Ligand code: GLN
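Shown next as structure tokens: one chain only, the form predicted alone.
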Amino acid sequence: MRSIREILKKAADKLIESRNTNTPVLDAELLLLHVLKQSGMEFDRIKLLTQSGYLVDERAAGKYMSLIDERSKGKPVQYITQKQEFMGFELFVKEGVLIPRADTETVVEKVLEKASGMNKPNIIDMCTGSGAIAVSLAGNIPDGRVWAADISDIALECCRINAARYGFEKRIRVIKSDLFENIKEEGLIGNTDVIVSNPPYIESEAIKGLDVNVRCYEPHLALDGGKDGLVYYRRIVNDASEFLKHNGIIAFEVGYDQGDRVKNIMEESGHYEDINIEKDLSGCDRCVWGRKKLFGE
């Protein structure tokens, strides 16, 4: 048997050598915590340091090093452990669904701010993926109902699991839909308070230059926004106005340099007013939102 200190060092050295992660020590710790938990041992990162002499049995150590092998090839930790934290919720994720990012919390926080005071709001989460936005909104707006739409079967599976994990099955309706195509019979036309979306927004050619962890593992369906990265914004902006109430809110996650372009798309549609660009904690464009105009204004 080997100590936690010994196997962590071996794992971290292997990850450093692979050059497929910028956080080798953290990744090594997270994967060890995952294996220890599966073995019935409750550890946290502090306990790993304070009890680094603890001996790990050979079976657990072997399992751990096999996971380190996967990570050294670029497979994200979240796909290995099948979990990711978002807005205080632990979400189930697996290969084939986009891994939720902390950047998206900027969008959720803005929607929560704008939805404050709404009575039983109807919300559409377009391109829901794992359901990170849908679950966060359902968890923070107790009288709200969310329609979570995506075209990916894997994404919908993850979203259903995450909604059920927190008891939101009755308030999150999961729908397979190519954008708004299958939502038209849901009674939401002219009756939607909020539409929020984190759509695919990376330029097609730029995908080739992404980090191996993203390029080779995360679904291109959830990444590829077309030649200029804006294909889905145009489609959603044009169709969303049919669903939103007057003064209803539409909010998008955007790439770090896309704020002005998405704002222009919304302005040129003629359907929205009070359009704003919000920055994330790094000072980059992250959210564009606006209100539905009263027709004829």
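Residue indices: 1-based, along the sequence shown. Here the structure is a predicted model, which means the values were calculated and not measured.
The same protein has a further form, the form predicted in complex with the named molecule, not shown here; the description that follows concerns it.
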* Considering only heavy atoms, tell me if G144 and the named molecule come within 4.5 Å of each other in the predicted complex. => no
Looking at the partner-bound form in the predicted complex, is L223 within 4.5 Å of the named molecule by any heavy atom? yes
Item to complete: Give a yes/no on whether F86 approaches the named molecule to within 4.5 Å in the predicted complex, heavy atoms considered.
Response: no
**Prompt:** Heavy atom to heavy atom, is R101 within 4.5 Å of the named molecule in the predicted complex?
**Reply:** yes
If we test each of I202, I80, I183, L112 for a heavy atom within 4.5 Å of the named molecule in the predicted complex, the one that passes is I202
Answer key, the named molecule contact in the predicted complex at 4.5 Å (heavy atoms) among N198, S136, T192, N162: the residue is N198
Within 4.5 Å of the named molecule in the predicted complex by heavy atoms, the stretch out of 165-173, 215-223, 114-122, 87-95 is 215-223
